[in-house]
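Below you'll find only one chain, the form predicted alone, shown as structure tokens.
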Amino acid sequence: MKGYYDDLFRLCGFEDEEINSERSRIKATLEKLELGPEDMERADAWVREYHDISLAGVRKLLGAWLKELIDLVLAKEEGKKIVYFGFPAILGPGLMLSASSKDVFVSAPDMVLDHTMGQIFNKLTPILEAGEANGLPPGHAMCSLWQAKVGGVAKGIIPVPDFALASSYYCDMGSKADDLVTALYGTPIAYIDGIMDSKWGEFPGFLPDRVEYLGAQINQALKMGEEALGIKIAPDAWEISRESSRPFRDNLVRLVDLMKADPVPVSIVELELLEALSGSSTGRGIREGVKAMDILVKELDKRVRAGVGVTEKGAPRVMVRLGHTSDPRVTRVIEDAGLAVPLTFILGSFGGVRVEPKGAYNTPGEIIANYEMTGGYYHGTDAQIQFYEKATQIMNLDGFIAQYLYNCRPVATISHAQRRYLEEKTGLPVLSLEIDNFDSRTHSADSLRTKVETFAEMLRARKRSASQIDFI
């Protein structure tokens, strides 16, 4: 018997046999989310308007997020022990816990809610409001990602975790928000701390002490996870995790290469679905995401060969920090203004603009730390600027939109220094744009449009001027 959700789930890449085999789980999930037939109709229209559903790979990506949502919502009822981590996070410990037991579910629930209740159903606001009413009040610059997590638990949408991994090396609010979950629900928590104040110019080099310190933090978190969950870390858990994620990394490199094309073959709205999935899921979501990528890479390759793109050929090319996680309209403002977005900072760091790990280490924590230290997020402003610089040549950029979250101290504090150094080092214009990448209630698409359109016109004038000089 057809359900009221069939058409939407089919639109989001589910095959008929998948819908039929998961009917009871889909129904139970939608009931917990308080989503009925009218919500499905609104979501159908929303997805069709703001996602490129002409691409089967995009539809499958949306389906991957929905499958992760179903597994998240039902995890406790289905006997799983639940581990939550935040975003951005040190993913290694979560991957190792997930790889060590089939009875452990590990995920970033805030990102899952953003990409499903936001990007698909457009009903994230009630969850954010529940977070605000349960310890993370509005007007206090509280991170809206954590409002989604706390709100989801408070509303009974997502289960209370059995264990939490808090990455306070970068996001100082993350550990504080997990403290709130511990205070409210008694969840044991492991803090993975670090030091991101590298000397200016040190990156990509770093002292072995940094790896040893971060590695010790990770080893401690893994031990706490074993005790809290009643499991043992498998000796080959890291190797299993790395091997299982290899297809994703390989495809991401191919996608970044395809985005060098002019015109760019796909909106950054869709690639954000990819970059976020890699840092949010350790289970079915990421596995289904890899299948979606296989399809998407082939589709985009055809577009590149045919010269088909989402913006005009010759449009100014800008790099952004990341796409909006819950409201595709905000990201599309940039492309609607006539700007091509071939790359984000997150895509670049995963998809080729990265240094190689150095040294040899033996403990799981140090091995993970050695790999993670190759990313600019662990080092500060200078390292991040280097990534942007590399992207200038790789993607033939004309400028940058340096988004900064007003409620995220690590990002907000580097915003103007980043702009100054990028303009000096690359000679390219930079729009320093205040935004909230996780909540569009205050920083909506309409509120940002004038700034982005003005910047786009400036870049077009700059390109016209450069073309005239070259002609002369």
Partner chain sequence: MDALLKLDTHLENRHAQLKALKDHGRKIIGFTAGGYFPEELALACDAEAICFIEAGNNTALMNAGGYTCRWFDPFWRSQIAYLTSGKDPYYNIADLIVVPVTDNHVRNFSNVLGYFTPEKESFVFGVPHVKDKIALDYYLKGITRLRNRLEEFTGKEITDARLKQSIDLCNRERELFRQISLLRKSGEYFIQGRDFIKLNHGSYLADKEFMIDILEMYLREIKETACHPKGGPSLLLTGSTLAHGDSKVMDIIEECGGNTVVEEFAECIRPYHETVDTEGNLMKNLAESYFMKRVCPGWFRPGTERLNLLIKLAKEYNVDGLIWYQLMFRESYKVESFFFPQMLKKEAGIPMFVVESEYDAMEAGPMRTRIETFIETIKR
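Residue numbers count along the first chain shown, from 1. Note that this is a predicted model, so its numbers are computed, not measured.
Separately, the form predicted together with the partner chain exists; it is not shown, and the next lines address it.
For the marked spot (Leu95, Lys232 and Ser244), a heavy atom within 4.5 Å of the partner chain in the predicted complex is absent from each of the three residues. With a 4.5 Å cutoff on heavy atoms, Gly359 does not count as touching the partner chain in the predicted complex; it lies far away.
Contact check for Asp172: a non-hydrogen atom falls within 4.5 Å of the partner chain in the predicted complex. Using a 4.5 Å cutoff between non-hydrogen atoms, Asp44 does not count as a contact of the partner chain in the predicted complex. Within this chain, Glu77 is remote from the site of the partner chain in the predicted complex, having no heavy atom within 4.5 Å.
Stretch-level contact analysis of 328-336, 112-120, 233-241, 129-137 against the partner chain in the predicted complex, using heavy atoms and a 4.5 Å limit, identifies 129-137. This chain appears without its partner; in the predicted complex, the one residue of Thr187, Ser267, Gln217, Asn251 with a heavy atom within 4.5 Å of the partner chain is Gln217. A heavy atom within 4.5 Å of the partner chain in the predicted complex is found for exactly one of Leu428, Ala28, Ile53, Ala412: Ala412. Shown without its partner, the chain has Glu434 as the single residue in segment 429-464 with a non-hydrogen atom within 4.5 angstroms of the partner chain in the predicted complex.
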